[in-house]
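In structure tokens, the next block holds one chain alone, the form predicted on its own.
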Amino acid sequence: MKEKLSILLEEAIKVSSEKGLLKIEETPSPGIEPTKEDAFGDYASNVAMVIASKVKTNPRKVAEIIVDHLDDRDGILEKVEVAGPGFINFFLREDVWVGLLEDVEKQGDRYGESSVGGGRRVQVEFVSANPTGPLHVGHARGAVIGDVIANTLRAVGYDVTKEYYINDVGNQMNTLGLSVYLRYRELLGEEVDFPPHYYQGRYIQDLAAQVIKTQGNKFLNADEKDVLSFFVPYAAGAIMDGIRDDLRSFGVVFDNYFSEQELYRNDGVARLIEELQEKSFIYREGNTLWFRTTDFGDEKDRVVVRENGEPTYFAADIAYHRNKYERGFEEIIDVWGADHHGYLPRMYAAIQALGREKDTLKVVLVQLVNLLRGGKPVAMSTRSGEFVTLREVVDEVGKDAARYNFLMRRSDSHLDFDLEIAKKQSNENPVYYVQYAHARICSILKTAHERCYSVPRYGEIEPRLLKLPEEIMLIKYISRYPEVVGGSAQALEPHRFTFYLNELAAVFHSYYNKHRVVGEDAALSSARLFLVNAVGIVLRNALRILGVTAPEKM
């Protein structure tokens, strides 16, 4: 419906411009959004105010000119009003809404999907935690956000690859190996001085115990070189196996795991730095190499090779992103923690130095999670190794509740996650409230079948019977679902699904509590069955994108 209204507006603006009533060189894209109050119609546009700011004209006058030239040849509008400073409010005919239900029947499980992505290749890289410990609750939010972004982009026609970048190069890997080795010696009876900056968690002791089980005490008197060559790959491999398992339990499966070591094969990072030096994007000061990120708007230039000759994380990230483009990805989406905000300008600089458009890289920042239990904060300290792992959260509240609750706020907003609420089998728990709506619909359809009713085709119902305000409201929500999918994909905002589902479930539960679906009137029962079945289709389709199940009974 937004698309139809956009076309109406564009044509009206074009005609008004051709008549000389609006002197604009280029027709702006009409911004159309659902209204929040029925008094303002079904949809509203601010396009008149956008035009007015360019042509220095009163926005209400611009709006009136546009409205006067609207050609509603399909007869979808009840009326159009100019409101406030120049909003154009559209009121659709009620029978138009009911007619939109036929799209749900025709498309079924594909309802809400589109082909706007045109098969464009997109890579979504997320989680990418160092393989130095199990995933914690902070990683969980980024994991589900990245996963749902990828699912949404696939739903609108993009060719999407989900990737996990394994940071398995650098001092942290040696520290990991030595941490396990010291615990290994400690478990074998030696007194060791365990440095405070080594990895402290219980998982380090578990890894050390496993080494004793399989290798005995063969490393007690080994050279450090031999120790590292065994303990580093062993510990990193075991931790990555655990990370994969934890993610799988969370419903997150990656298409590809990319090792940072690949970037250094055949001196790949060094050769890239030489290339950028030859193009004058990198310069030398003493033994330090700097990237001219200020040429692209950064506040200062950034080091790519330290004075000791070691490349920085930034150097590896430049190489990694070039590798992404070389693999044929046309767009890159990185899901990062909000603490990486200051890292954005240098990455955009690097992308442009590589000859790519800045907007081919999009970064989604994810804020921290405040873990609560019954409203009280759960104490965590990553320094001491005391943190709540992703696995613990999933085991306690379940995959569905965990995924849904992590999506309940914008990714760039802090999130309070209460474990006790997430476990409740009541309307206080948002995922339960939505899943219960689907289960209720399945129960209605089962009861109807027992009373010899089947879900009718659209052509078999009398649409005019769906006229109650609650029924029209349900139909409006159903018809707006494709807009939710498209808007979420465009803005990379998966929280839009939970906002929408919470509202749809509320409208459905309210309708169910007031009105009987299957009654004595066969024609009315048939129409209402068609309507609630359409609600069920939308609930299933949306929950599938979220990676949340749609139970048939609860």
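In this text, the rigid core denotes the largest set of C-alpha atoms whose superposition between the two forms falls within 1.5 Å. The numbering used is simple: start at 1 and walk along the sequence shown. Note that this is a predicted model, so its numbers are computed, not measured.
Another form exists, predicted together with the RNA; not displayed. Remarks below refer to it.
In the predicted complex, residue 554 approaches the RNA with a heavy atom inside 4.5 Å. Contact annotation: residue 343 falls within 4.5 Å of the RNA in the predicted complex, judged by heavy atom distances.
Proximity of residue 221 to the RNA in the predicted complex: non-hydrogen atoms within 4.5 Å are absent; the residue sits far from the partner. At the 4.5 Å threshold, heavy atoms of residue 69 stay clear of the RNA in the predicted complex, well away from it. This chain is displayed alone, yet in the predicted complex one of 102, 226, 307, 330 has a heavy atom within 4.5 Å of the RNA; that residue is 307. Of the candidates 299, 241, 190, 460, 299 is the one whose heavy atoms come within 4.5 Å of the RNA in the predicted complex; the others do not. In summary, the region of this chain contacting the RNA in the predicted complex, judged by heavy atoms within 4.5 Å and restricted to 390-398, 285-293, 267-275, 114-122, corresponds to 285-293.
By the 4.5 Å heavy atom rule, the three marked residues 185, 200 and 234 all fail to count as contacting the RNA in the predicted complex. Applying a 4.5 Å heavy atom cutoff to the RNA in the predicted complex picks out 515, 516, 517, 518 from 515-551, in order along the sequence. Once both forms are fitted on their rigid core, the CA atom of residue 529 lies less than 2 Å apart between the shown form and the other one. Fitting the two forms on the rigid core leaves the C-alpha of residue 499 displaced by under 2 angstroms between the shown form and the other one.
Annotation: Cα of residue 41 displaced by at least 2 Å between the shown form and the other one, core superposition.
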